[in-house]
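In structure tokens, one chain follows: the form predicted on its own.
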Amino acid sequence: MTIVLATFSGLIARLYMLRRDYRQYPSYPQGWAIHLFIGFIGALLGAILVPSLIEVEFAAVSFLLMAASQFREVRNIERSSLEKLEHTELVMRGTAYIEGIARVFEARNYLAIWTAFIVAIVSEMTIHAGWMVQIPAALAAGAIAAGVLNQLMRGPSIGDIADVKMTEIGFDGPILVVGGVSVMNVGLTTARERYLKQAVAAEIIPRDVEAKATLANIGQMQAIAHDAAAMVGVYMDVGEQEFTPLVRRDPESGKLVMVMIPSEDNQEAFLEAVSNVPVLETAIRKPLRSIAGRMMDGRG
């Protein structure tokens, strides 16, 4: 009963965490079949771990270590797949974003193990109370564990570390200027007219020194451009480089500016899209945790 309950809970937890959003990844049904099967293996390992320890069968630990090495291979497979698909994107994700997605898929398999492990512990603790207590208690523990672990995996978004607001678009000759920051050279008159007529632009103003350092990451800037384009749509075709969404940094203030021509003119949706872009784990910087960083901020 313990193994069945724990395996079922771990698999359901993996299914709960496996969902498609605007990124349309993983694909359905092939991608789901792969990740659910790997999640089932993880859940089974977490389920048998507790009974094995109770029976003093420490060989189960070796199987757990073997599974961990296989789950690391999941990250490599996801990274390789996304890198091969990168050239099919109108607005590329960037290597930092791809690495973040690959890490998430690896970590979620470990969460399936933890959920099954917690359910197995509760099941063994309530086994003498009868199945009418054992089953509800184990399933409740699984639901709580899956919800808490999934919440702990949620990182901050751009809106949590910066203020996002609309800004003006103009030209200094052929140079596109957004929020006082020179973005790029737009040579064609027709392209400049389209920018002035249809483009939207936003300022991303960091709230503190650590946010400023985080937003300075090139991978984070590319992720903002990709996600905004994915959520609101982009007005461009293959080879139209002048209409590619761009994010540039103001060296003086540390703010970012983003400009794009969306498929539909909706400024609120555009701001919401930029605010909801996840902060990449590899981009997070904490300079205030160092003496030099606090000295630069006047806190040393």
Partner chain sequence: MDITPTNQVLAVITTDRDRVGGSAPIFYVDSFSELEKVAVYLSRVFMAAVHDLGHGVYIIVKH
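Positions refer to the first chain, counted from 1. Predicted, not measured: the structure shown is a model, and the values here were computed from it.
Same protein, other form: the form predicted in complex with its partner chain, not shown, and the subject of what follows.
Colleague: If the cut-off is 4.5 angstroms on heavy atoms, which of these, M132, L85, L152, L188, is the one near its partner chain in the model of the complex?
Modeller: It is L188.
Colleague: Look at the stretches 233 to 241, 256 to 264, 37 to 45, 63 to 71 and give the one with heavy atoms within 4.5 Å of its partner chain in the model of the complex.
Modeller: The contacting stretch is 233 to 241.
Colleague: Does R192 reach its partner chain in the model of the complex if we count a contact as any heavy atom within 4.5 Å?
Modeller: Contact check for R192: yes, within 4.5 Å of its partner chain in the model of the complex.
Colleague: Although its partner chain is absent from this view, report whether G159 comes within 4.5 Å of it in the model of the complex, heavy atoms only.
Modeller: No, no contact at 4.5 Å.
Colleague: Is G147 near its partner chain? Define near as a heavy atom within 4.5 Å, in the model of the complex.
Modeller: G147 lies outside the contact set for its partner chain.
Colleague: Answer yes if any heavy atom of P174 is within 4.5 Å of a heavy atom of its partner chain in the model of the complex; otherwise answer no.
Modeller: P174: contacts its partner chain in the model of the complex.
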